[in-house]
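First, one chain by itself: the form predicted alone, in structure tokens.
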């Protein structure tokens, strides 16, 4: 007997019927029509977007089990949403959306010692008596490895993340520090590792928290005189994910408490995952003992995606949103928005919104209008070589003189300005800037930036140099 969409769906229905209430089956499964079976993907037609959202939220696991029984582990489900009467078209409008195959993250249970019998106690810790509490992982299940596409720009970070997810606390990548510029996927990758760990090891306690929230909690614990309780709570976590760890800069109390938590987790084979917009060497006002610990494991950089990766990201986004778009428009967006993934996805969302709200067809002209708004607002990144040339020309010297070892005041100032603008206008690390501008180290670049800031406040002529060069480079 040949396998058809109808036969597969009827078998799935028989299984589903045995596992849910008759009324729920009548309401949510009887109206569904099987449409086609392509390889291992079954397409089913549902009457509305709400219907699809309800199935994804409440019955996705049941659907997955039923389909896997029929089509094996690689089974996929695609919803075809049929919406009548759009903009007076005679044909009903259809939208194809793949199933995420993923429910919401459930709360995690944890046994913790308690202070009193007060049932309202929110943060119970190490004192006599044990109580079972539920803590939310704070993970977003939509940020997973399935939609974190691999490219040359993120291969190391993604591979390390997968290794950590397969064996949390058991690899040499502890801590795993993911760093990179704005909108390149640091938070997405951090969530993806946590989500993957919860899938593979449901009994592990995973907690995602931003460094800012961590700091607020710590300040609150100091006010309430529960600092030790705060430390003990975090020492019970199996996988701790801290986002934007650079926000700990200058906060000595929070750094101190994090130092003790980190040591305990590391020594007990627990996994620590950190994200930052700077490499450890470029972090300022972070205690040396903490920085050295950040370097214990692996520091993996996320860079701007190349053209092929940008195309893949756009196609994946459109596929997941159930939208089809001409190749030339995808190509145009990918070629013109290069710096960050968040802006890339934002441009596509704007295009879809413009098209649906203004009832316009997605054309190249519309894409140009949308992209122009994004590109205008994006600061054009200039190269360090270009900055050196502009500064050298401004001070009427050649680049070799600018990079030389001479200590003549006007040449030193020109060199410091070049370093200052390289830090301001590029995403290069301090070490990289120093090596390109006369083979200096990162400490020299840091000193140069501070000197320029100080002179800008005290020296009127020097302030004019900065203003003139800013205009030339902007």
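Positions refer to the first chain, counted from 1. Keep in mind it's a predicted model, so treat the numbers as computed, not measured.
Heads up, the form predicted together with adenosine-5'-diphosphate isn't pictured, but that's what we're talking about next.
Would you classify residue 181 as touching adenosine-5'-diphosphate in the predicted complex, given a 4.5 Å non-hydrogen atom cut-off?
Output for residue 181 is yes: heavy atoms within 4.5 Å of adenosine-5'-diphosphate.
Find out whether any non-hydrogen atom of residue 175 is located within 4.5 angstroms of adenosine-5'-diphosphate in the predicted complex, and reply yes or no.
Outside the cut-off, so no.
Answer for residue 342 alone: is it within 4.5 Å of adenosine-5'-diphosphate in the predicted complex, judged on heavy atom distances?
Output for residue 342 is yes: heavy atoms within 4.5 Å of adenosine-5'-diphosphate.
How about residue 262: is it within 4.5 Å of adenosine-5'-diphosphate in the predicted complex, going by heavy atoms?
No, no contact at 4.5 Å.
Choose one stretch from 289-297, 142-150, 400-408, 224-232: the one whose residues place a heavy atom within 4.5 angstroms of adenosine-5'-diphosphate in the predicted complex.
The contacting stretch here is 142-150.
Which one of 246, 215, 392, 187 is close to adenosine-5'-diphosphate in the predicted complex, taking close to mean a heavy atom within 4.5 Å?
By the 4.5 Å criterion, the partner-contacting residue is 187.
Using heavy atoms only and a 4.5 Å cut-off, determine which of 274, 237, 348, 313 is in contact with adenosine-5'-diphosphate in the predicted complex.
After the contact test, the surviving option is 313.
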